[in-house]
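Listed next as structure tokens is one chain, alone, in the form predicted alone.
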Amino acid sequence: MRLTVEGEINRTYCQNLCLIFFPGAKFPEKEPEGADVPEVLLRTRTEEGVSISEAVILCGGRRTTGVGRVALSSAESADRAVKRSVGEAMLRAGSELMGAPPPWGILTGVRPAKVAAAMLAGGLDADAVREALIKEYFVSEEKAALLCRICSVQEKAKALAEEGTCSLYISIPFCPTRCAYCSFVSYATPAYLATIPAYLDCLCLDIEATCRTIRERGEKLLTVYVGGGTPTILSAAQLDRLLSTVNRAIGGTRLLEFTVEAGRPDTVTAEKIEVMLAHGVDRTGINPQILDDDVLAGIGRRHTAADFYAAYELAARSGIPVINTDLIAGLPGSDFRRFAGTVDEIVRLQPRNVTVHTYCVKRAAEFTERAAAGSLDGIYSYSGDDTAACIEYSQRKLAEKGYLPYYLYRQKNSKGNLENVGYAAEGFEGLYNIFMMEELQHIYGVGAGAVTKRIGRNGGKITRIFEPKYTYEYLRQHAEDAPDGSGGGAAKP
């Protein structure tokens, strides 16, 4: 794509606006000569206290234009006003080209609920927030109502995340196989899986060092989340060692929530669930993604729908209090019938949590590589085909059964520019998910690919500390950090 920006406006923001209408677009410094690619011109200026922006799109022999005007005022920063005027211009030009406006309007960030929450904190009531989302950010009525509902559900959880509280994330970046849609840093090759014992050695030391840091700072640990990857790729003995380390490291701390994300049904056993329960784990996830064997095989899952039912029954019979199931709408090879049937089955099982994701094109995923090689069509989609109908069906069906939407996030290049939403039976919301997604408290991350986030006072500046991305880098760093070369854990800065 050729993008030209004129005026004082952040280029990255302009690229994100383009991605709403042209998912998968790339922005090289110079396109090859003669390349037939969309062209976008965004220009902005300020006249007599008004930010005036114009967008021009040339694509497929068509030319569309849009203009945005936002009055500058003391109620918002000049930068935000300019962004809104540029966004309005791009939305008008893009909607004319595509024939329909995007459901999330000009909101481009991962955490749209934070926009609504800031309005509520500023004194607006829910009706005023909904109206502002529609009129100022061009969010659809349905999505604006969804955001306000989520903010309402989150109120109790937000009250728990007071100053001086924190949560702990523990990364297990290994999987039995890699899904074709996935770009997470998780490893499924025999060589990587062979590093699990050494990785666990370093991880346990890291957990102990991090928990010492938390105690020394006088912070209160509220939740622990073991994620991945697939944590239950660990054997029962390895899982017992990991969770024993956690319990020893946190001492007598009474957690509000202790989660181990099982994820893949083909890794779940009765023995591993017993280990979880013995160590106080009260939440897990067993994720079918979709209950259709042909689609499961196509996306690289090694399990069947029957395997999911068996794993879910094990967990449900064990008495573990909260089970989550992840679903993905819009997967290649799927359609509305398959997805709606999956939703119906999950509702019948009555898990306490259901997370509905929209298929998102990830740069490093197998599907993306296959599309680039010409062996897979249509993975990028502005309209989303029937994915919007899938998402709408899941929201309606879950609401009918009493599930409440409690957290939401969005990703670039998701089908139909749609969202990911977590739902819960009332009172069973995942606290860690809310704390992490809304950035309400410090999150300490340990393990390869984990990120520690320290939140400034009163929601101030966020400091991020990144662990090494790859397992072998993590092991090397810990070996170097230990004076005796034993791989000792290092306290978080």
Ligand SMILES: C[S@@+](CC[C@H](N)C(=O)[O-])C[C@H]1O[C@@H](n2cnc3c(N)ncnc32)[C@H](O)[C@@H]1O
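Bear in mind the structure is a predicted one, so any value in this text is a computation, not a measurement. Numbering starts at 1 and runs along the sequence shown.
There is another form of the same protein, the form predicted together with the named molecule; it is not shown, and what comes next is about it.
*Asks:* Which of these residues, H357, K272, R84, R283, gets a heavy atom within 4.5 Å of the named molecule in the predicted complex?
*Replies:* That would be H357.
*Asks:* Give me the residue from G384, G105, G228, G422 that has a heavy atom within 4.5 Å of the named molecule in the predicted complex.
*Replies:* By the 4.5 Å heavy-atom cutoff, the listed residue in contact is G228.
*Asks:* Counting only non-hydrogen atoms and a 4.5 Å threshold, tell me whether C182, N287 and R301 all contact the named molecule in the predicted complex.
*Replies:* Every residue of the candidate spot has a heavy atom within 4.5 Å of the named molecule in the predicted complex.
*Asks:* Name the stretch: of 387 to 395, 228 to 236, 117 to 125, 312 to 320, exactly one has residues whose heavy atoms fall within 4.5 Å of the named molecule in the predicted complex.
*Replies:* Only one stretch passes the 4.5 Å heavy-atom test: 228 to 236.
*Asks:* Can you work out whether V224 and the named molecule are in contact in the predicted complex, taking contact to mean some heavy atom pair no more than 4.5 Å apart?
*Replies:* No, V224 stays farther than 4.5 Å from the named molecule in the predicted complex.
*Asks:* Any of the heavy atoms of K362 lying within 4.5 Å of the named molecule in the predicted complex?
*Replies:* The answer is yes: K362 has a heavy atom within 4.5 Å of the named molecule.
*Asks:* Is there a heavy atom of D292 lying 4.5 Å or less from a heavy atom of the named molecule in the predicted complex?
*Replies:* Taking the distances in the predicted complex, the answer for D292 is no, it never comes within 4.5 Å of the named molecule.
*Asks:* Do I328 and the named molecule share at least one heavy atom pair within 4.5 Å in the predicted complex?
*Replies:* Yes, I328 lies within 4.5 Å of the named molecule in the predicted complex.
*Asks:* Just to make sure I understand: among 251 to 268, which residues lie within 4.5 Å of the named molecule in the predicted complex, judging by heavy atoms?
*Replies:* Read in sequence order, the residues that approach the named molecule (within 4.5 Å, in the predicted complex) are E261, G263, R264.
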